[in-house]
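Okay, so here's just one chain, in structure tokens, the form predicted on its own.
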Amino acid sequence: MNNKFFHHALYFSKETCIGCTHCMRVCPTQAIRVRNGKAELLPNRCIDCGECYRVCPVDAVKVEQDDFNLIYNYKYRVVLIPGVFLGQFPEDINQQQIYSVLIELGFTHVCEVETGAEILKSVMADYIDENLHIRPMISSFCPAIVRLIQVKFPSLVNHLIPLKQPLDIAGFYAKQLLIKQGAEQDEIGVFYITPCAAKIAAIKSPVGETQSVIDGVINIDFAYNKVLTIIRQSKSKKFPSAKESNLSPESILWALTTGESSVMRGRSLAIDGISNVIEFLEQLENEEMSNIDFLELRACDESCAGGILTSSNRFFTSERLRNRAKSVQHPAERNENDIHNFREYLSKHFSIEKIKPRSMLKLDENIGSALEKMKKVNELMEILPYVDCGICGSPTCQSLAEDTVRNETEISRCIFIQRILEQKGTFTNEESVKIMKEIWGEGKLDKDLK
């Protein structure tokens, strides 16, 4: 895996982008610039949180997806569905109907992601108890949060719990179950229906391991529309009754806010929404809080129910899952294929390597050169206006100064600096117009004013 850059599931359509800066302004890691009237991504800063996707007014932000036909490369085709996928559907559509249609679409087996949580919750609790010297421990469930900590809060990476998540555990379980039943390893393909871009990126370049157990990803909006259409067009068809869930109520709720924190021992907090998480982590980094044992941090409001690829209202999705959890009087009886019977095998796959920081603020590999460049950044900040207007194509004055020191742009892109230089007679209006066109493109300055 390339240690310098992340894989990114988000990308910008240059043909569609209008250079409105909505994305640049909401990006929590300042990973977007505007050049020649188009948004550009700085790969080492982006965490695939999808905030840019949410605000783009022209749908210029795209999310990659594997070709659905890839599933046919395998004899045994497993689809891993998160609970929030089931929560997308209205109450008149039951779990077994959804399963049946997924099989019609070409999959041979269906497994819920939260199956992995049945084992993970005790493994996490034990890990926290065994590492009392680190507080708080931070869940690594949300890949956008893991990347956020890596690039923006590198001093906190040791607080991340280095364990695989329910998705990975369910994937290993599904493959091993089929192998037990006579399948060959290379005959099995495991595909995940994802509610967000960050999970795609985490599968393509997983943190703490070289390769994911997941063979492909399918976006939840694509899968939901496919399944819903078939069910609605088959009103006369009799689907099987909903089967009893093998999941505990705690596992059903795992992907929602408080899903993890509610089952952890000690003082646990759950924070969702990327801006809320950043505010909290800033206080934690500054040692403004203590006596917290566990933190559940999720980038999206209502956690995975609010993922950028979901189709249903996140509050309805959460309500459906909570109602489903309440309806489970007791999980179905265990049998020989129950995940708990695979614990010895799965225990070999729980851990990941130590998560390392990947600071986005590094100005130079050489410490001496980096200090000199930081000094230059501070000098530039003294002459910049602290307006953070974004007219220079960078989100803040600080980012413009850093970009300038990295030789990625010039300080003269600041419109205030241009006016100062014009007053001194060392800069012309023509030069200013040229710079504006380089940032915003010809179109925005090609107006016929009357």
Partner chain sequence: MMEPMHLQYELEGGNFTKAGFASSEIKKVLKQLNVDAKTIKRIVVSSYEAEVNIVAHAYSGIINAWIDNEKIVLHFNDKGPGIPDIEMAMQAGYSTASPAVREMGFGAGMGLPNIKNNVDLLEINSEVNKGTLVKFTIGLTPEMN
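Worth saying up front: this structure is predicted, and the values here are computed from it rather than measured. Residue numbers count along the first chain shown, from 1. C-alpha atoms forming the largest set that superposes within 1.5 Å between two forms make up the rigid core.
Quick note: we don't show the form predicted in complex with its partner chain, though the next part is all about it.
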Q | Answer option from Asn378, Asn335, Asn291, Ser327, heavy atom within 4.5 Å of its partner chain in the predicted bound form | A | Asn378
(Q) Under a 4.5 angstroms heavy atom criterion, identify the one residue in Ile230, Leu363, Ile103, Leu269 near its partner chain in the predicted bound form. (A) Leu363
Q. So in the predicted bound form, does Leu284 come within 4.5 Å of its partner chain, heavy atom to heavy atom?
A. yes
(Q) Does any part of Leu132 reach within 4.5 Å of its partner chain in the predicted bound form? Heavy atoms only, please. (A) no
Q: Mark Gly368 yes when one of its heavy atoms lies within 4.5 Å of a heavy atom of its partner chain in the predicted bound form, and no otherwise.
A: yes
Q.
If we define contact as a non-hydrogen atom of the residue within 4.5 angstroms of the partner, is Lys152 a contact of its partner chain in the predicted bound form?
A. yes
Q: Tell me, please, which stretch of 79 to 87, 105 to 113, 276 to 284, 206 to 214 lies within 4.5 angstroms of its partner chain in the predicted bound form when heavy atoms are compared?
A: 276 to 284
Q | Post core alignment: Gln181 C-alpha displaced by 2 Å or more between the shown form and the other one | A | no
Q: Compare the position of the CA of Ala370 between the shown form and the other one after a rigid core fit and state whether the shift reaches 2 Å.
A: yes
Q. Would you say Glu288 moves between the shown form and the other one, meaning its CA shifts by 2 Å or more once the core is fitted?
A. yes
